[in-house]
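Before any questions on how it binds or moves, here is one chain, the form predicted on its own, in structure tokens.
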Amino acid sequence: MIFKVIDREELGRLFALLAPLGRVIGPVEIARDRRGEHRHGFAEVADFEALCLDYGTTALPAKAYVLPYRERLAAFRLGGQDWEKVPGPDQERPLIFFGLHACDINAFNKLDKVLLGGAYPVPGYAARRREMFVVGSDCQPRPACFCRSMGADTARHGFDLFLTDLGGSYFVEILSSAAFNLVRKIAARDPEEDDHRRYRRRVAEKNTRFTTQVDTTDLTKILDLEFQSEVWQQWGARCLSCGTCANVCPTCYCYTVSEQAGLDLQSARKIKTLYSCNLVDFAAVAGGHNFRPTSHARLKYRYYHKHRGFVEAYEEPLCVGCGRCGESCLAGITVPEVIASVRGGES
């Protein structure tokens, strides 16, 4: 990894160099919540001044640009006596994420393990990830953030550039040759000892802002021991099975597939839609049987997938600790509270 320091003014020049290369996606202000606080979301950005790099956690993750909520897998039309496959949409322009926090970068790294590293890589996801350029940026943790507990508060890979605000300048971590060649086109200098000190102070100050923690010590063993705990019944009684948590989660990837025929019976298409394991029909199969008919069984399965099954398969949890699910949950269910109650045996 190579380190450089750039003045704040050079960030606009970096944006201008990246803009012609693809679709720039970055954090912008989208609303204010009931407390009057700014809320941000990811959107396609054409003007550097529209970016809000000092944002908190966005309401929705960047995942939607790489793993769309709804995507056409195949389409066919009837030509004479035979079905003809309809060509798919043209390849999109490369995605350039400008200002991703470490937790969202790590979310993509975790998705890669499943959607790229499995026996059957997902073509659409693979194509978008292959062309992606990521400019990461440091953050100031919100009260709901527990990414430090999940080991996702820093990113070691999955980005091209990473920016840390030193106040008037940025400490830049360069991880790819493409990023190195871009930085050569702007005014950048080697960091001095004072830059290193300011960087360490910035990181130390950020670490003091993590007010929410999750004790992950021997968590997989505890989950095994507490599989039949009444705690799951108590949380299940609160869960509305609405699927909001999966909708805002940067690492949920469960989906369903539907096949639709045209009203004229001359065309058909197969649609992939992201889904949630908390929805009542997620585990329903032909014949009417439902493997998880109760809300507590579905909620428990989601936690065991993220904090038990994924750890067993990949030696790391699927959760990145962004806190979006807890902030969005209509029933007020949060990951730290659920895990604490499982460890302690009460909710």
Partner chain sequence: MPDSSSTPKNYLGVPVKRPKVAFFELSSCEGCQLQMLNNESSLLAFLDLVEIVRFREAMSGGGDDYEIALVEGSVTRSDEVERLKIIRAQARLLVALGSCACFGGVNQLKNRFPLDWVKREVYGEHPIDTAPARPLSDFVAVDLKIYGCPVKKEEVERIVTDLVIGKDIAYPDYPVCMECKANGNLCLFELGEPCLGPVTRAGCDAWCPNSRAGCWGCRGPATDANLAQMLAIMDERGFSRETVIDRLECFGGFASQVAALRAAGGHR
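Predicted model only: the values in this text are computed from it and were never measured. Residue numbers count along the first chain shown, from 1.
The next section is about a form of this same protein that is not shown, the form predicted in complex with the partner chain.
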Pick from Gln140, Thr154, Gln213, Gln266: which residue has any heavy atom within 4.5 angstroms of the partner chain in the predicted complex? Gln266
Proximity to the partner chain in the predicted complex, single hit among Glu193, Asp218, Glu205, Glu259 (heavy atom within 4.5 Å): Glu259
I'd like to know if Tyr65 sits close to the partner chain in the predicted complex, meaning any non-hydrogen atom pair within 4.5 angstroms. no
Gln233: heavy atom within 4.5 Å of the partner chain in the predicted complex? no
Please check if Asp33 has a heavy atom lying within 4.5 Å of any heavy atom of the partner chain in the predicted complex. yes
Is Leu78 close enough to the partner chain in the predicted complex to count, meaning some heavy atom within 4.5 Å? yes
Can you confirm whether Lys4, Ala16 and Arg198, the three residues that make up this candidate site, all sit within 4.5 Å of the partner chain in the predicted complex, judged by heavy atoms? no
Any idea which of 143-151, 165-173, 68-76, 205-213 reaches within 4.5 Å of the partner chain in the predicted complex, heavy atoms considered? 68-76
So which residues in 237-251, when you check the partner chain in the predicted complex, have a heavy atom no farther than 4.5 Å from it? Ala237, Arg238, Cys239, Leu240, Ser241, Cys242, Gly243, Thr244, Asn247, Val248
